[in-house]
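Next up: a single chain in structure tokens, the form predicted on its own.
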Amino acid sequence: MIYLKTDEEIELLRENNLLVSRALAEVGRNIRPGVTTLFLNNIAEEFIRDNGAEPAFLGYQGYPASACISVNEQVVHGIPSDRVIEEGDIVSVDLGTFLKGFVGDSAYTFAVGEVSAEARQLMEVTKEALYKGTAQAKAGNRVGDISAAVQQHAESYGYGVVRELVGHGLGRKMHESPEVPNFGARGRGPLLKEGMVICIEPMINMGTRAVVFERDGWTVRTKDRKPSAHYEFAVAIRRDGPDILTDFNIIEQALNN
């Protein structure tokens, strides 16, 4: 069942996702060599709570932390720990909020100090793939139009597009219908209707698309241990095009200050 949202509900989802953007910006200000992923988790949780929301990830299906922090070859769902972040790492941070009955969910990949040209390109192409997919998120299109746009852009650079994890609907629950894969064919999949809210989230590997699920039951890493990047937007479907509820400008301004 796909739930269409009213304008009022979309504004509550926007409020959540702007809070996630601000929380990601706060994490970005504090990412530097020598800090642990648990330190970053605690910054995110404190910021979310200080702004009147609950961390949506904490306890979700048993998840033990408030942030998913994935470093280098970790694709998604890295559990914060005493792992120390080093110069040259790329770190994807995925955060969720629960506020006023709705959920926010977005992710951003950060460069730690000077990263390799190869890692920088991976991050840029993954973010570009997100924007290309998002451009297809309008009423009358199909989910496959988003999926194909993401896949085509990433694979044109020889990157691997993860198949096992996908984007999703967003509302009162973190994962609603429909699923939004990062691979597929144009004109296929569920019809996009005004009032749908979805998360589009390319997970793109520098090497092959093959992934391994670690024994902790959560962390997903690349099989070849090459780096992976992950960006995520929440988007409301409108007749005249996508209404992006997440604001990466907030994050990028924080990084540039």
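A residue's number is simply how far along the shown sequence it sits, counting from 1. Small disclaimer: the values here were computed from a predicted structure and weren't measured.
FYI, the form predicted in complex with a small molecule isn't displayed, but the following is about it.
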Exercise: H175 in contact with the small molecule in the predicted bound form, heavy atom 4.5 Å: yes
Touches the small molecule in the predicted bound form: Y231 (any heavy atom, 4.5 Å): no
Partner contact for K132 in the predicted bound form: the small molecule, 4.5 angstroms, heavy atom: no
H153 within 4.5 Å of the small molecule in the predicted bound form, heavy atoms: no
Stretch from 32-40, 206-214, 184-192, 60-68 whose residues place a heavy atom within 4.5 Å of the small molecule in the predicted bound form: 60-68
Complete contact of D94, H168 and E201 with the small molecule in the predicted bound form (any heavy atom, 4.5 Å): yes
